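One protein chain, two forms: both are listed below as structure tokens, the first as structure 1 and the second as structure 2.
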Structure 1
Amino acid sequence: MTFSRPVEDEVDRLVAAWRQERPDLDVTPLEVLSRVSRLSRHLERERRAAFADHGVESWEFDVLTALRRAGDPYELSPGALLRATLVTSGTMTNRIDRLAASGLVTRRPDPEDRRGVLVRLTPAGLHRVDAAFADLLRRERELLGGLEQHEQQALAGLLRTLLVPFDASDSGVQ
């Protein structure tokens, strides 16, 4: 019987250092949560690179995909958009301004609620997001290549368990 040599990542080193320095603390939560944070940072860089080829910024993509997912006529309120993207309302106003300026979305008053506004994807926006999304999926599939299909499912399930409490509580940013 042979033992597979354990491959380390930065978090293994980080945890080992903490155990050395603070043997009194139980730092096992970091094994999961530091990996989530660090992986997310790496993913963000990958995304940026993928989108650069399509002339799309990462923040633009977040908004455009939310509209794309909404289906024809690809229209949502700013409120719905900020809940989908986890940013604040000030940020979303700014994003919509810039997307409208570059012709990827339009903004019109909500006919049913005079406080409200509806943001709609233009044909140009639709085309742009579809190209970028296909490319993103291609790259993400590569990143996941190290995991078997069933491992990916297990991973998704475990992450869902952690996510549900956040998504269940109406912890929408205002």
Structure 2
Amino acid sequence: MTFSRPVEDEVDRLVAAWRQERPDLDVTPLEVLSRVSRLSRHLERERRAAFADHGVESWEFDVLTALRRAGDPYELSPGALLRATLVTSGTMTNRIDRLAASGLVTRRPDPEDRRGVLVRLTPAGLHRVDAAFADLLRRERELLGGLEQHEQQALAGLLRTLLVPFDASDSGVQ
């Protein structure tokens, strides 16, 4: 049985150079995290392209998808949107104003809280977010195309293990 040698990538070259120049340091974290960083840049480029193709900015996509995930009638309070997008209240107010001016969301009084409002996707907002999300998923599938389904699942599990402590600290859970 013959095994083919794995393809060398830029990170392999970077790690080899550091091992040569700094043999006193353990550079093994670079083997994983430099690849994650590089992949993140490729993913971000694809995200921007998918959003641009549908006339959506990244911040708009974040708000619109939070509303879309809420389910019919695709409506949340500004506070719920804050928690979903991790931005300040002033930033969220500005974002809602801009989305409303673009006709992608509307505001209405909250029937359960006379002082509150609810933000709802318009039909145009629903169409735009659905199209952008479908395009994004197509592009993400292409990025993962070199992995079999079971490899994608294994990678997702490993990355989850790394991210859970950060997610817990971001949400205030210790």
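Everything numeric here is computed off the predicted structure, so don't read it as measured data. Numbers follow structure 1, counted from its first residue as 1.
Matching each structure to its source, the form predicted in complex with the DNA turns out to be structure 1. When the chain shifts between structure 1 and structure 2, residue 125 and residue 158 travel apart, each with a separate rigid block. Of the two rigid parts that make up the chain, the smaller rotates 16° against the larger between structure 1 and structure 2.
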